[in-house]
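Take a look at this single chain, the form predicted on its own, given in structure tokens.
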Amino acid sequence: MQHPILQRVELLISQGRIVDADQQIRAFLQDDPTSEYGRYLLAYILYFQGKSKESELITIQLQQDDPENPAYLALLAEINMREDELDAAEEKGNMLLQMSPYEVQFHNLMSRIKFAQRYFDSSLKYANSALEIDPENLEALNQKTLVAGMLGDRQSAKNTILEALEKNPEDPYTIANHAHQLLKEGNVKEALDRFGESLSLNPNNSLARYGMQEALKSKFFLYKLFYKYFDLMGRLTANGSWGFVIGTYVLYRLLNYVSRTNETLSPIVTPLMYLLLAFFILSWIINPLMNLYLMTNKYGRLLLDDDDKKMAQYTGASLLIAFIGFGLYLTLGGETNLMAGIFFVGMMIPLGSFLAPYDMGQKKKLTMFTVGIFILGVLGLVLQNDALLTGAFIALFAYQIYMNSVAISSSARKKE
């Protein structure tokens, strides 16, 4: 029979009382430091608290002592996912399915891994295989809803989420999933209510926190349009994404050429050209600008992480300097003021995206890139040096190409 304290720790974990669970399991392990299950519970609690490295050290020791225990391998796979080591997570997921091919939990794990890798079709396959084993499994129903929504199959997503809600209408993850489907359908007010309901049940629900951000920003019509655009782009493969980017640039160049060479069409084409340019710039900066709005809301600012806040502040500062530059140009004239306005509008793109990648290596590269562009541009403005300014604008263009490659490689849909 399991020790009463371990049963108590399990209950505390299920209730989300992680701090209490941590205190009790550590007290238990002081008296019985060799307890295998006690050490496993501590590793799980550490993982839940975001202390992945500490959790991994304990779990590796446990797995070395008992390599046939699937619970240890599953926790290591979860840690790999947390650390964005998706290939390692997939390897462990396949091993788990070989050990227990009819274990629903492992099919769900593989579905989540494939989803994180952007292999949506494979993710759906594993979610369906989990439901074949257990048609009422709530995690599998939620995962199928999530994948179907990403694939644009709204009817399937709607049917599945309604089934999940019927099984457990009080589950915070299911409620958040339902809210995401409502948001994709354009029902912003309903989505906000459902995200709020999910967060009231579990304030740490990351799906609900992210969704609440998007819903609050989607109260603005312009962002609502971009939300649909980002949703559509997320369904494209890397080739499809690059095709869209290159096609948009070619269209802009064509409109620019027609505007300059055809006086008859110029009054029609020129506004379209500037509209396309505005769309392109907004697609980069609208998210940090809306995050700046969220920072003015006492609830909204709680949803943002430190990187989002920094990018929002830097983007807002760059926009303010751009307005000052344009204002000085309109009142006092001076080409330097005009160039300052244009440059700081351009700087909003790297300042609004350089901390976006999850990978720390990419963050460092983009940070150095952004700092370099800023120094080059400011020196060009202060010294009124056309060569330095030209270099800064070329660097801005290069940044966009590089950032596109980073974004597409990390977020484009993949097919096996």
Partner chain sequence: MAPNTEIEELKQAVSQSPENTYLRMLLIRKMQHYGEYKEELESQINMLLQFDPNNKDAKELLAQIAFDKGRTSTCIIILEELDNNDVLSTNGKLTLAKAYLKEENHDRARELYEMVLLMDPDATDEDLDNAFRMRATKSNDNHDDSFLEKPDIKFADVGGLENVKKEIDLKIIKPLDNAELYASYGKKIGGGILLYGPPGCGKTFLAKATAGEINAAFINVSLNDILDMWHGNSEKNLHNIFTKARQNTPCVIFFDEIDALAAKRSDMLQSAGKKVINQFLNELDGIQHDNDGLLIVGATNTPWHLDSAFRRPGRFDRIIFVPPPDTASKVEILQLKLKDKPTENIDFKKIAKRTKNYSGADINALIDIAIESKLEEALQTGIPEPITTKDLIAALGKHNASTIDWFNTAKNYATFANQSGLYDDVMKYIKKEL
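As the structure is a prediction and not an experimental result, all values here were calculated from the model. Positions refer to the first chain, counted from 1. Rigid core: the largest C-alpha set superposing within 1.5 Å between the two forms.
Quick note: we don't show the form predicted together with its partner chain, though the next part is all about it.
Not displayed here, its partner chain is kept clear of S122 by more than 4.5 Å at the level of heavy atoms in the predicted bound form.
Among residues of the shown chain, L11 is one whose heavy atoms approach its partner chain to within 4.5 Å in the predicted bound form. Heavy atoms of G240 never reach within 4.5 Å of its partner chain in the predicted bound form, leaving it off the interface. Within this chain, L303 lines the site of its partner chain in the predicted bound form, having a heavy atom no more than 4.5 Å away. For the marked spot (M233, Y402 and S411), a heavy atom within 4.5 Å of its partner chain in the predicted bound form is absent from each of the three residues. Residue-level contacts in the predicted bound form: of N80, N187, N202, N337, one residue has a heavy atom within 4.5 Å of its partner chain, and it is N202. The partner is absent here; in the predicted bound form, the one residue of K310, R118, K224, R209 having a heavy atom within 4.5 Å of its partner chain is R209. With the partner left out here, its partner chain still marks one of 271-279, 194-202, 94-102, 284-292 in the predicted bound form; by a 4.5 Å heavy atom cut-off that stretch is 194-202. In the core-superposed comparison between the shown form and the other one, the C-alpha atom of S411 has shifted by less than 2 angstroms. A movement of the C-alpha atom of D32 reaching 2 angstroms or beyond is seen between the shown form and the other one when the two forms are aligned on their rigid core. Comparing the forms between the shown form and the other one, the C-alpha position of L351 differs by less than 2 angstroms, with the core used for superposition.
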